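A single chain comes next, written as structure tokens; it is the form predicted on its own.
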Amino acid sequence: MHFRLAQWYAQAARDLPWRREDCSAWGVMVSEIMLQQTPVVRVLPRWEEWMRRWPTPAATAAASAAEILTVWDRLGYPRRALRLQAAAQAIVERHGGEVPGTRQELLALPGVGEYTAAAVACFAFDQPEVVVDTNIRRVHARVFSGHALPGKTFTAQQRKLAHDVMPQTAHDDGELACTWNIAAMELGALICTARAPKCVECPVQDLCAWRAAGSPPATEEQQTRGQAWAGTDRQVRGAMMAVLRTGEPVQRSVLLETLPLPEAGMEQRVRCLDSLLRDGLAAEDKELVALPGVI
């Protein structure tokens, strides 16, 4: 199975800039942070603009928070942008401006979790770490466990499975293991999708436990429901950030009262603005609100 999926990936892989041989480790790290809970089509233009402006950790570390948040634009979860800058600053201070190449060193950076550390170590430095994202979890669940979906929680059993199905590394210094990670991820993104899997196009369809079982529907426990957007605090916060990214300070009262979300009550608006201020995504001075560093 490992070799078959690797061969499929060699033919079917998307040509993404952070996968190219000339992409720096920093470019890989930026892509991994941006791609969390965000589709590739939205990430591509933001990644390209980020790397044009700040192609190194040092350049990112020196940028203003307002610039960072403006370039992040509508990718969502903007605290990721500030955490990425914090990681860049730590890379400059601790590693001479070079992205560290081991999972443990990466984990020690601010805002870098288990997945990101393993992914950067694997995809930027060819370290055969076990990488598990949403797509890989779904592939594992179907191919090996016969489940339609993996459920919301990454369980201890799923973690063990991910380790157990990794190729051995002694014979090739982990080359196949690294390819297995990215190939399983790509299979989940292109073929083994959540809502409409293209099983007839799958290179391992004859080895898939879920297909062999007749492709049973997901149980309640296996469901992985997406997060709502309309009417949520995320939507209101996003609308406020869009106003602030125009660059000019705005009166607190004007920001609260003119937000183009008539369904959002004043209590929710105030709560969301206060949360942006607490998170360091906005700053306030004498009833004026702006991106951090603008006022």
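Residue numbers run from 1 along the displayed sequence. Treat the numbers as computed from the prediction; the structure is a model and nothing was measured.
A second form of this protein, the form predicted in complex with the DNA, is not displayed here; the remarks below concern that form.
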{"query": "Candidate spot G76, R79 and R245, all three touching the DNA in the model of the complex (heavy atom, 4.5 Å)", "finding": "yes"}
{"query": "Heavy atom within 4.5 Å of the DNA in the model of the complex - the one residue of R83, H147, R103, R211 that qualifies", "finding": "R83"}
{"query": "One residue of I91, V139, V112, C178 in contact with the DNA, assessed in the model of the complex (non-hydrogen atom, 4.5 angstroms)", "finding": "V112"}
{"query": "In the model of the complex, segment of 200-208, 113-121, 167-175, 95-103 with a heavy atom within 4.5 Å of the DNA", "finding": "113-121"}
{"query": "R195, heavy atom within 4.5 angstroms of the DNA in the model of the complex", "finding": "yes"}
{"query": "Exercise: V270 in contact with the DNA in the model of the complex, heavy atom 4.5 Å", "finding": "no"}
{"query": "K286: touches the DNA in the model of the complex, heavy atom cutoff 4.5 angstroms", "finding": "no"}
{"query": "R42: touches the DNA in the model of the complex, heavy atom cutoff 4.5 angstroms", "finding": "yes"}
{"query": "Stretch 121-141: residues contacting the DNA in the model of the complex, 4.5 Å heavy atom cut-off", "finding": "D133, T134, N135, R138"}
